[in-house]
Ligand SMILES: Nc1ncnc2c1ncn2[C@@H]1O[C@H](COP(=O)(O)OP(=O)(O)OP(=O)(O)O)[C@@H](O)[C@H]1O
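To begin, one chain is listed below as structure tokens, in the form predicted alone.
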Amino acid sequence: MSVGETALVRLENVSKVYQTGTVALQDINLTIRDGELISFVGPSGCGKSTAFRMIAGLAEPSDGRLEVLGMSPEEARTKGTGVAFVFQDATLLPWRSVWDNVVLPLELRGIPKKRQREEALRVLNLVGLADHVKALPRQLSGGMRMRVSIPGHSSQGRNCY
């Protein structure tokens, strides 16, 4: 696989200092290009989740510049670019079935019902859970819950794993 020249994510001198004074990240420079596979490795509390939350537009940097597909993270998320964030723990609504949890992001984006069904079936087949559509989260193993909670579908047909 060759790595493309397009910068999918770019952090330039990004820092994050919380209101408590805790420095989570300081002067981080990182460019992730199309086709690259990267890993964030480090001890608990070193800023890995903070970096991902900022890339996903769920937190703001205190300083520096952050771009996703040449846009602010918020723009990239709201323009349907297929940018997604997977939390460390499964984030499912316990009263909704596997099917209903999978279609929820599509419902919230106003995707037509027919397309919701197609996407949900595609994703559930992809993660091996097509036989569990009626199950509630409490009836699934931890790994199965994580696979249901992966926002691996988008209206553009991209996989965001």
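These numbers were taken from a predicted model, which means no experiment stands behind them. Residue positions are given as counts along the sequence shown, with the first one as 1.
One more form of this protein exists, namely the form predicted together with the named molecule; it is left out here, but the text below deals with it.
- In terms of contact with the named molecule in the predicted complex, the residue from 45, 128, 110, 70 that brings a heavy atom within 4.5 Å is 45.
- The partner is absent here; in the predicted complex, the one residue of 132, 53, 33, 122 having a heavy atom within 4.5 Å of the named molecule is 53.
- Although the partner is absent here, residue 26 sits far enough away that none of its heavy atoms falls within 4.5 Å of the named molecule in the predicted complex.
- For residue 139, no non-hydrogen atom is located within 4.5 Å of the named molecule in the predicted complex, even though that partner is not displayed.
- Proximity of residue 49 to the named molecule in the predicted complex: non-hydrogen atoms within 4.5 Å are present.
- Judged by heavy atoms within 4.5 Å of the named molecule in the predicted complex, the contact stretch among the candidates 36 to 44, 113 to 121, 61 to 69, 97 to 105 is 36 to 44.
- Contacts to the named molecule in the predicted complex (heavy atom within 4.5 Å) from stretch 108 to 142: none.
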